[in-house]
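A single chain, nothing else alongside it, follows as structure tokens in the form predicted on its own.
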Amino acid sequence: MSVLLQGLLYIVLAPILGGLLSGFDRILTARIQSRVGPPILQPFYDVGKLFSKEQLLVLKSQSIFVIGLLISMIITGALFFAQQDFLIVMFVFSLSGVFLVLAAYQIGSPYSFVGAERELIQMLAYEPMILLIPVGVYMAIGSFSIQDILNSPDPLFFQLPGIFFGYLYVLTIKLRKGPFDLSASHHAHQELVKGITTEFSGPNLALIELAHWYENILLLGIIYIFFAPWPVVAVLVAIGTYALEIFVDNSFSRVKWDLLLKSSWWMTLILGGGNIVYLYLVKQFPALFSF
């Protein structure tokens, strides 16, 4: 299969898989809370209903930034699944979060403003770890190319265990799961005012949810590359990780922003930074690690 076709398949299939993943999330969450829960296709019904509503805007620039969020998310995933440069993928990925913050800042609502401030704090918490992933990949295989990563004879996990587990830690923030869902809860029942998306409605809110579906598939795709030479294992680890995130979401209450920031930076320093230092020592002083 050509890399161009893989990128196109992501554009077409990611919202379908992301919506099904969201439906699975709601069902599993309901079971954990001893509820029946909605049907697995409920997220599609919700988004379809949002698209059918009238577009109500405080400022027209809201729509510009929301569309920018969706387009940047689509480009990020398309580049990733088309096996392009991993570093460029991560830079475009970071840009998508900026669009969401700018969209929220366009509104005078204090709830939206506070949500945007919390989103920035979350970005400060997870971005260092996210950017360490391509750095670790380059040190491990000598290339930023995702194609080279997939063609690597051995799973990256064995060289990058610290970066992998550090990524799992900040993944909770990116998936908007408790205890790190500061700016907006993934589930509506968890709070009365929904943070950064409080002032969004109708088609704009549908586009934000659609971007979130694209993002979730990309995030699980990053897990996949750590075990790429073993495709079945990689898929099972990705699915198991998402199920674990749902369990964590329903097991812990929301933490304060300072604990989120400090814990994420410590995890980045110890797990990610430690792994980078280890790889550097192995490359520079191989005799010390020859057993």
Partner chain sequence: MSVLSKSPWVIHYDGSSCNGCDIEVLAALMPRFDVERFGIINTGNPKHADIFLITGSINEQNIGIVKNIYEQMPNPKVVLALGICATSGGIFKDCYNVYGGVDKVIPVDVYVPGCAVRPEAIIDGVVKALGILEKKREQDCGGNCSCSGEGAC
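Positions refer to the first chain, counted from 1. Computed from a prediction, not measured in an experiment: that's the story for all the values here.
One more form of this protein should be noted, the form predicted in complex with its partner chain, which is absent from this view; the next part is about it.
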Practice item. Using a 4.5 Å heavy atom cut-off, state whether residue 45 contacts its partner chain in the predicted complex. Key: yes
Check your understanding: Applying a 4.5 Å heavy atom distance criterion, does residue 199 contact its partner chain in the predicted complex?
Key -> yes
Point to revise | Touches its partner chain in the predicted complex: residue 50 (any heavy atom, 4.5 Å) | key: yes
Check your understanding: Is there a heavy atom of residue 233 no more than 4.5 Å from a heavy atom of its partner chain in the predicted complex?
Key -> no
**Study point:** Site check 110, 124 and 267: each within 4.5 Å of its partner chain in the predicted complex by heavy atom
**Key:** no
Check your understanding: Of these, 101, 140, 205, 82, which has a heavy atom no more than 4.5 Å from its partner chain in the predicted complex?
Key -> 205
Review point. Looking at 255, 248, 58, 261, which has any heavy atom no more than 4.5 Å from its partner chain in the predicted complex?
Key: 58
Check your understanding: Where, among 221 to 229, 28 to 36, 237 to 245, 65 to 73, do residues come within 4.5 Å of its partner chain in the predicted complex by heavy atom distance?
Key -> 28 to 36
